[in-house]
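Just one chain follows, in the form predicted on its own, and it is written as structure tokens.
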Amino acid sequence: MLTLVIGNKDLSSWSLRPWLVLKHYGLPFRELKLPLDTPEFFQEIVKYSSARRVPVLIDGEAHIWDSLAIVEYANEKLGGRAWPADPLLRAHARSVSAEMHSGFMTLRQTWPMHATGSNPHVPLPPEGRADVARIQAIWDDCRTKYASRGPWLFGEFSIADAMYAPVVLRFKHYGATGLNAHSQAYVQQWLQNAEMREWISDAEKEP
């Protein structure tokens, strides 16, 4: 069975992404949680990853680190089902996922992910507001083009949705305002999702 090494569910945005992919597509896995920024974490993580970061997926002798590498590995196990089947949609989905993976640094730093609670009193600097505007533009573009295919960014659920899931929790925790109609609907789509609700519930039980 696969083992996914993750951090605290309240805080670990990178862990959330592959966890959601594995859960959504029903790939059986064992969850191993390490509390971030503790002596236990730094003592244990070296057993699983030379990068000393979570998440890490263990499949026999294979240790795959970095969330994007993990979801691509899962996609191969799923026969490619975790990306859109259409080549043009797949290229679009990979593009917005890669942008999420490498960008939006001001938003990440100013609004670190919290799966629980709320703190609507942390203002974003101009660069952070630009990040929010760009994310909304991506969501708006996807939902405008692919709404007839289903409720997710590319119609059916894909890796692209998992990549943007932590943004939804950021918007919820910090009370993002001024979201357009597509963004509001997409946030609600995620907050009503069974896997996301399970993650939040688990986070609420953490010490």
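Note that residue numbering begins at 1 and tracks the sequence as displayed. Because the structure is predicted, anything quoted here is derived from the model rather than measured.
The form predicted together with a small molecule is left out here; the points below concern that form.
Tell me, which of 149, 52, 33, 145 has a heavy atom within 4.5 angstroms of the small molecule in the predicted complex?
-> The option sitting close enough to the partner is 52.
So in the predicted complex, are 14, 41 and 101 all sitting within 4.5 Å of the small molecule, heavy atoms only?
-> All three within 4.5 Å in the predicted complex.
Where does the small molecule sit in the predicted complex: which of 134-142, 24-32, 65-73, 154-162, heavy atoms within 4.5 Å?
-> Looking at the partner contacts, the answer comes out as 65-73.
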